[in-house]
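Okay, here we've got a single chain as structure tokens, the form predicted on its own, with questions on binding and movement later.
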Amino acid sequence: MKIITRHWGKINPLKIDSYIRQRGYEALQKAVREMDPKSVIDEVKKSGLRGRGGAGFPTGEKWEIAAREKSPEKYFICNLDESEPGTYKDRLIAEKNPHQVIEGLLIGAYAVGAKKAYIYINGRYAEQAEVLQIALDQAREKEFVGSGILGSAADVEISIHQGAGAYICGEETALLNSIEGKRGEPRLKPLFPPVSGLFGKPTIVNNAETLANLPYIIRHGAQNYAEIGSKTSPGTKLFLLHGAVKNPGFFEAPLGIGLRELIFAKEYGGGMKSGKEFWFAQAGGASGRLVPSGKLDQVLTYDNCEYPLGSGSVLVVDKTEDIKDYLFSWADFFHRESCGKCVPCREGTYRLWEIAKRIRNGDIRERDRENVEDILWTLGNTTFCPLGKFASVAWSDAMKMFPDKIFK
């Protein structure tokens, strides 16, 4: 079953007519002409769609909060600022089928009553931003964007905002600060964006992959969508498979698929490369947990509390690798991407990186293990936003699973 990649290769992303021939924008037409905003929200709630950015919050419930707000000014934002190593699913969606994102964004904005929408894209995605701008201009010419969409009373204008490629701006309140021209750092909650977001107005921020599901849901119905994948996490998901597998790359699979199947089934990863023996997998990107061989039957859903799905990136590591290289890589990324707003994260990620650099070079000192444990606790429990906790996740698992390979 394909939802996101269904038309990849069948359409020309630079020509809107090729998308329309695949029944593109029919869902938008149905929404603005045959459904009121509340009916659209109810349909999305019934579908069970959950946010694909990592947290997995129920999409319809999030919209409902913003829709209840009486403010005459509301905003809707597509979050396309993926900056985590090993994660490029949103980039693929933007370059393969930009109209699918735009159509989903228009449906969402109509549902919550937002007349202004943004696509916030990673500044390093210059080619994808150009593709999206071309698609947006063509959609406006066809009266899918702007005033009186398709002759209805719906008005939605969309702008593209290019960020600087900072990982922290994937966090929705840091993203809002960036659009407002402020420093990209998270805000104190509450209030939450659906109540007080961009410029203090009700704002919805949804991941690009989340929005790409909406045309299917509105056109085929919530019940049809809810029957795909897991009962608690319906639909499909783009998975990005890296490392020591025969078939690295991206795959669309139903949520609820087992990690073992994703790695070893021939239609997905195809198993380990010749001569390689499985050691562990990291599920969920650089901030994800380490999964040993005995836990590979874990299902990939948004309600798996032991091994969260995150962005859908899966790294497969074989036994010839040196864990110290991975420890340094994780520490290097998070110390570089810390916004510096809070001391525990700013100092903790830096100190962890310093120790990781020494350990990788074989300079191991007597108190390193104790110091690392203190830093990981601080990052996991005291930082202002989740970045500090994310920085500690893989390190904490590595410390438990193979400490002898780290400090010897």
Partner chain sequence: MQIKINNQSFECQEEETILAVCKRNGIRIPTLCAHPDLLPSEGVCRMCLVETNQAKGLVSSCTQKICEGLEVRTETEKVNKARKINLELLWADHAGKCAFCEKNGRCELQNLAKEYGPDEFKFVPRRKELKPNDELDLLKDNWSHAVFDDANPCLARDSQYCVECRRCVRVCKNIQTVEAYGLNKRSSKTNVGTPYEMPLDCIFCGQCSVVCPTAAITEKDETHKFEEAVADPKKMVVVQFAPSVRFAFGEEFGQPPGTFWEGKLVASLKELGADKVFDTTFAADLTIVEEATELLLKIKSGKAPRPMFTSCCPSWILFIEKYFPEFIPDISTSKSPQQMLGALLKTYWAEKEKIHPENIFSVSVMPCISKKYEAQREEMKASGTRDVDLVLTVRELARLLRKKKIDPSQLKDQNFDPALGISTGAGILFGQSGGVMEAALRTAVEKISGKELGKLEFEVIRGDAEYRTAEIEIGSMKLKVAIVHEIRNARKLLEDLKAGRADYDFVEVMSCPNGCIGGGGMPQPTSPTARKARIQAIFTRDKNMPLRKSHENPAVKKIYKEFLGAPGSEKAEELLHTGYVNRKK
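Residue numbers count along the first chain shown, from 1. Please read all numbers here as calculations on a predicted model, not as lab measurements.
Keep in mind the form predicted in complex with its partner chain is missing from the figure; the text below concerns it.
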At 4.5 Å between heavy atoms, is Lys30 in contact with its partner chain in the predicted bound form? no
Can you check whether Gly56 is within 4.5 Å of its partner chain in the predicted bound form, heavy atom basis? no
Should Lys231 be classed as touching its partner chain in the predicted bound form when contacts are defined as heavy atoms within 4.5 Å? no
Residue contact check: Ala129 to its partner chain in the predicted bound form, 4.5 Å heavy atom: no
From the list Glu95, Glu84, Glu252, Glu337, which entry has a heavy atom within 4.5 Å of its partner chain in the predicted bound form? Glu337
Let me know the one among Glu61, Glu347, Asp42, Glu26 whose heavy atoms come within 4.5 Å of its partner chain in the predicted bound form, would you? Glu347
Tell me the stretch among 64-72, 45-53, 347-355, 31-39 that has any heavy atom within 4.5 angstroms of its partner chain in the predicted bound form. 347-355
Any chance Tyr118, Leu175 and Ser178 all have a heavy atom within 4.5 Å of its partner chain in the predicted bound form? no
Partner contacts in the predicted bound form for 358-377 (non-hydrogen atom within 4.5 angstroms of its partner chain): Asp363, Arg365, Arg367, Glu370, Asn371, Asp374, Ile375, Trp377
